[in-house]
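Given as C-alpha cells, the chain that follows is alone and in the form predicted alone.
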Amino acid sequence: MAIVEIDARAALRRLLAERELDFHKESSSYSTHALHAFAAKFPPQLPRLFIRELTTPGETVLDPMMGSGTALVEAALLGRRAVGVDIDPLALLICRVKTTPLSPLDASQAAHDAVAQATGYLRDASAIASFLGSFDSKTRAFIDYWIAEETQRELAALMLAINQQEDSQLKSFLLLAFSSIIVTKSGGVSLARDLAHSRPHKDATKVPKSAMEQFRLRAAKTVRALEASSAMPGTVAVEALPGDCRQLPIESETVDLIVTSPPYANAIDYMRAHKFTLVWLGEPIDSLTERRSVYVGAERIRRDDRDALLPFVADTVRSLGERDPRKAGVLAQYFADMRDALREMARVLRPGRAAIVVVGPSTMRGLRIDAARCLGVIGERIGLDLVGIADRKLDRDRRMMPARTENNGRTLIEHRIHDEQVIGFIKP
C-alpha cells in the first residue's frame, strides 16, 4: 500500500529530526558496493534508511544523478524497482555491473580466459602496435604522459582480450575490473596519484604495478564479492539509463521516492579521473573534454543565469562575485542547473512522495556557500515543499573528498569538507 502524503511528510520529518545520519561505524563494502572506486559516495546506509522508511516493496526509487549506483543497489536489495540516470559513461558501466545478477563461476572463467588471451597478445607485437596506433594524436599524448610504455602494452593486450568477449554482461564485468586497476584509491597502474579523489597528479618516481597481475587480482576480488553477496535479486527491475538529470528520460509522476547526491558546487571533477579509463574504451580525449563541460558543477561556463536566480541565491552569487566574478559565474550556472534538475525531479515524482537530496557546502575564494539552503529555496519556488534540512558529519577516511594542496604539494586535510546536509522535500 502506498504511503499517503501526510504519512510521508510525518515520516520524513521524523527521520530528518531524530535519526543519526552519520553511519561512521557501519561497513560500506557489503554486496557490490566496493567493486570500483568512486569519489564522494554516500554511505549505503543513508539511502537504505529513506528507501526502507518511505517506500514499500515493488515501488520505484530513482536516483537522477546515480554516480556509482549506491542508491540503486540498496533499492534492489530491498525489493524496490530501481531506476538511475547519469551522463557519465563510466558511472553507467559501474552501475550496470553492480546491479546485474551474474554467475560468479561464469565471471571467474571469463576473467581467466581474458588473462590467457591477453598473455598471448603480449607476444603479438603487431596486434599491440595496431591497438596503440588507433588513438588520435591528442589521446596518444595523454596516454604517453600518464602511462608507462610497458603498462601501455599490458593494457592494450587486456583490451584486445576483453573485446573478444561476446557476452555483453561478462564483457561489462571485465571492463569494470579493467577500470578498477586504473582508477584506484591507491597505487594503480598509471603514473598518477590521487585518481580516486578526482585530483590526479603525476608522480615520476612511482613504479607502476603490473597491469596483468592487478587485473587478475581485481577480477578475483570482484568474483569473491559476487559470491559473498546476495547480489541483485533476479526478480527486481533495475535500470541504469544514460541521460541528463536536467531532462530525465522518465514519464511524469511515475516515481515513489528520489534519493540522490548531486555534485557539489566547484568540488569534484569526475571526468578528470574517469577519462583515464574511458580513453581505453575508445573515447577520444577531445570528446571527453567536451562532454565534461556539460556536467552539473562544470568549471566551464555555458550559461550565466544569475539574473534569473531567486533573491537569497542571487545574493550568495553576488557575494562571491565581489571576490571572483568568474567563480560567481560558475556558481550561478550550478544553481541554474540544479534548478532544472529539481524541476525534473518534481515532474517525475508522484504527489505526496519524497525527494531526498544530499549535498555539501562549498568554499569558494574563502566564502562558504550554503548550498543546502540555496537548493531548499529553489525547490520551494518550483513547487516542492521543504520538510527539513539535517546535518551529517562526514567520515573523512571514507568519503574520499578531494583535498586542496599548497604550492609545495602538501595536502591540506583541514580544508576538506567535513559535513554535508540532507534535504527533504515532499511533492504536494
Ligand SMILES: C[S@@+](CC[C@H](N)C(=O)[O-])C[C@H]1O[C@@H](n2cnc3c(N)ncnc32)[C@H](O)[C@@H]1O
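It should be emphasised that the depicted structure is a prediction, and the values quoted were computed from it without experimental measurement. Sequential numbering from 1, following the sequence displayed.
There is also a form predicted together with the ligand; it is not shown, and the following applies to it.
Contact annotation: of the candidates G243, P284, P104, P208, the single residue with a non-hydrogen atom within 4.5 angstroms of the ligand in the model of the complex is G243. In summary, among the residues M65, V387, L375, I369, the only one with a non-hydrogen atom within 4.5 Å of the ligand in the model of the complex is M65. Using a 4.5 angstroms limit between non-hydrogen atoms, V294 touches the ligand in the model of the complex.
Taking the partner from the other structure, the ligand in the model of the complex has a heavy atom within 4.5 Å of a heavy atom of S261. Using a 4.5 Å cutoff between non-hydrogen atoms, F178 does not count as a contact of the ligand in the model of the complex. In the model of the complex, E74 stays away from the ligand, with no heavy atom inside 4.5 Å. Checking 152 to 160, 136 to 144, 245 to 253, 200 to 208 against the ligand in the model of the complex, the stretch whose residues place heavy atoms within 4.5 Å of it is 245 to 253.
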